[in-house]
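First, one chain by itself: the form predicted on its own, in structure tokens.
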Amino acid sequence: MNLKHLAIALAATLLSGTIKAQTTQPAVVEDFKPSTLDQPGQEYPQVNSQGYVRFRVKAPKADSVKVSLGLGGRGGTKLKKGDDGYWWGTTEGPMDEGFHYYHLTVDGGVFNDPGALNYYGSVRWESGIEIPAHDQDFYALKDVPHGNVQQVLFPSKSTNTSRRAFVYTPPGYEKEKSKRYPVLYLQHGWGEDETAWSNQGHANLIMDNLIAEGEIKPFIIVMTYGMTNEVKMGPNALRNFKIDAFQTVLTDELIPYVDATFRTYADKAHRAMAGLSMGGMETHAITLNKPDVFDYYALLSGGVYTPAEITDRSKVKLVFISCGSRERPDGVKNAVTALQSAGVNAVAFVSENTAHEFLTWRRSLHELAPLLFKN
């Protein structure tokens, strides 16, 4: 699948919506509590045990207030004005479990909800809300040893600037000075940045918990911005995106910097690349263009590999492909079956009852991590 076709497929998936489609909604249970992602001291938005979300926004002079969060394809949730100048409303149905971006439209203008924390997504800082998931334990903050996520600035001659990356080092990295680690280069999606996997994805907590449970061998994760300074953000930017500039940043500048700065195994046998959505598109292109850099490939809602694309199967230790059950699970399963038939060590994962959203990708990382660097 080339970049243009993958971009079109991803755009179609994004437009399909991420919310449960239900013909008959259950009665709303009045056990609403403030969202875990509310600003300090704020009581709204609130979430109930069924996954409904209730909003309260103060806009006494506004004529209309709408929340983009709502049942997919139905234009969000329209709020009603009360006599006290507050606008109130509840989603028509329960939301999918996990994290969601949203914003307010007040008299045609787009604003963030002052009650919610903000996250970089949709090419802007958006409000965020978390619908508690039944399996959230694997990314919960627990009383276990924790790794460290640190910001680094690395020189980039190709873009004539210093660029930023966030690096997760596992628990014990600072103490065990002689120990070296494999590295996963983990890319965000379209409209997001290098903060996404830590903030929205909880990648560090997923790793901490897996390490504490003895499920994985510790490794480093590197997360950097997947676009270059030359890319102009806009409605056609993804379709027109070319990989060359970012490929140079990643393979010629960031990887050498990481290997020189952190205690890594600086070889392809100890190096993996993965990405969600657009980051999967980048992973797909770079791993095929640079087969001597990575041994492990992973696409999370980011397209598929075909047997014809992997010309030297001896150079690939793992191909992992995942998506949500509301995306294109048959395509993922069929692609992995074809790869397995061609002799490629390939694994498929489908996240149940999720679409193109972070719970899909949290679960995907949780499934992927134990498969990496096993040998």
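Because the structure is predicted, anything quoted here is derived from the model rather than measured. A residue's number is simply how far along the shown sequence it sits, counting from 1.
From this point on, the text means the form predicted together with a further copy of the same chain, which you will not see here.
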Of T195, N118, N209, T228, the one that lies within 4.5 Å of a further copy of the same chain in the predicted bound form (heavy atoms):
N118
In this chain shown alone, the residue from K315, K58, K333, K33 with a heavy atom within 4.5 Å of a further copy of the same chain in the predicted bound form is K58
When you measure heavy atoms, are P132, A266 and V350 every one within 4.5 angstroms of a further copy of the same chain in the predicted bound form?
no
Contact flag, N240 vs a further copy of the same chain in the predicted bound form, heavy atom cut 4.5 Å
no
Partner contact for S158 in the predicted bound form: a further copy of the same chain, 4.5 angstroms, heavy atom:
no
Using a 4.5 angstroms cut-off on non-hydrogen atoms, would K80 count as touching a further copy of the same chain in the predicted bound form?
no
V152: touches a further copy of the same chain in the predicted bound form, heavy atom cutoff 4.5 angstroms:
yes
Thinking of a further copy of the same chain in the predicted bound form, which stretch from 135-143, 247-255, 211-219, 285-293 has heavy atoms inside 4.5 Å of it?
135-143
Neighbours of a further copy of the same chain in the predicted bound form among 185-213 [non-hydrogen atom within 4.5 angstroms]
N204, L205
